[in-house]
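Here we start with a single chain on its own, the form predicted alone, put down as structure tokens.
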Amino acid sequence: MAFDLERTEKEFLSSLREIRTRDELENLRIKYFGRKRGILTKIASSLPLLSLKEKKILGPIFNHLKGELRQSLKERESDLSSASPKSTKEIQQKPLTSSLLFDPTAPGKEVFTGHQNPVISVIEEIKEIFHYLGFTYIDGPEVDLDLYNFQKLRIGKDHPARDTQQTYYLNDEVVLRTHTSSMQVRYMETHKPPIRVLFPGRTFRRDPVDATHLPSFYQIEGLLVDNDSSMTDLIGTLDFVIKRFFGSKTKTRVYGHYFPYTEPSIEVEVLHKNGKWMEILGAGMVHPEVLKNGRIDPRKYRGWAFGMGPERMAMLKYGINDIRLFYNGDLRFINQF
């Protein structure tokens, strides 16, 4: 493939040297950039067939080559437009250099790369910890049906829990999901136990913007379904994950809570370095009705679920006191992580 790219470039530059009219230049453009039969178009269509390793190497080279050849076409078009008949011959003699053949002794250019947002880093770290425990992960729709976001999670049309969600409705039946819990029933409908899966993704609520709230934020939902899971398994798993994430000396505690889709339900707190207990996630045993809505027999299987906010986890881990810092695009902040 690399050899084909180099040969393609050499042939293009050779043809470009022979161009004398704008019509000839247009024919060359179509030959290499035509939508259906262009040489570069055909190469681009073959890139997805390569292995991931080959894509990482050859993809950037191809994109750079494509840009260089387009630029050469523009420069030659400009030359032809401004050149007099006398100077056209001189233009044909203008040396054209290859973008793939380079001088290794030439000084390099400083390359400024992007930097991963700490929220994404936290999501990846949480995924890696749960992967060690046998969990996979899957994305889900950010625009979802009220049926999956609320009703199949035992949050009916008149349920008071809807008041705390502050939902964005697109119409009476479609919403911007308020939590990634909407993926619980969706996943169970198409997968049989045993189930161990995470649902990371963006969620939306009509919260006012302040130091601890945003109208759009991330959440990581976790779901386990088998025939012998218990509340002690859930608490032990969450304690293990929290200690792996914050440190082995991290202190945790749980207390009873209420969620419509789990019974019993708990919230988990960690002891912050300022001496205060901070709530970081909610969890509980999956309600039998939710299992039934997911086409799983609650008489044979049981499960547990949890939901955590990676922004909150990042704020506690790195000592950040304003959630807006994650999304203001300030590189001075991002480059610290």
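When you see a residue number, it is the position in the sequence shown, counting from 1. Remember, it's a predicted structure, so these values are computed and weren't measured experimentally.
Beyond the structure shown, there is the form predicted together with ligand PHE, which is absent from this document and is the topic of what follows.
S.K.: Taking 4.5 Å between heavy atoms as the contact cutoff, choose which of F306, F62, Y301, Y32 touches ligand PHE in the predicted bound form.
M.R.: After the contact test, the surviving option is F306.
S.K.: So which of K152, R186, H179, R196 gets a non-hydrogen atom within 4.5 Å of ligand PHE in the predicted bound form?
M.R.: Contact with ligand PHE in the predicted bound form is made by H179 alone.
S.K.: With the partner left out of view, is R205 within 4.5 angstroms of ligand PHE in the predicted bound form by any non-hydrogen atom?
M.R.: Contact check for R205: yes, within 4.5 Å of ligand PHE in the predicted bound form.
S.K.: State yes or no: in the predicted bound form, is some non-hydrogen atom of F259 no more than 4.5 angstroms from a non-hydrogen atom of ligand PHE?
M.R.: Contact check for F259: yes, within 4.5 Å of ligand PHE in the predicted bound form.
S.K.: Quick one: is A283 in contact with ligand PHE in the predicted bound form, heavy atoms, 4.5 Å cut-off?
M.R.: Looking in the predicted bound form, residue contacts with ligand PHE include A283, since a heavy atom lies within 4.5 Å.
S.K.: Quick one: is S229 in contact with ligand PHE in the predicted bound form, heavy atoms, 4.5 Å cut-off?
M.R.: The answer is no: S229 has no heavy atom within 4.5 Å of ligand PHE.
S.K.: Where, among 70 to 78, 118 to 126, 215 to 223, 133 to 141, do residues come within 4.5 Å of ligand PHE in the predicted bound form by heavy atom distance?
M.R.: Contact criterion met by 215 to 223 only.
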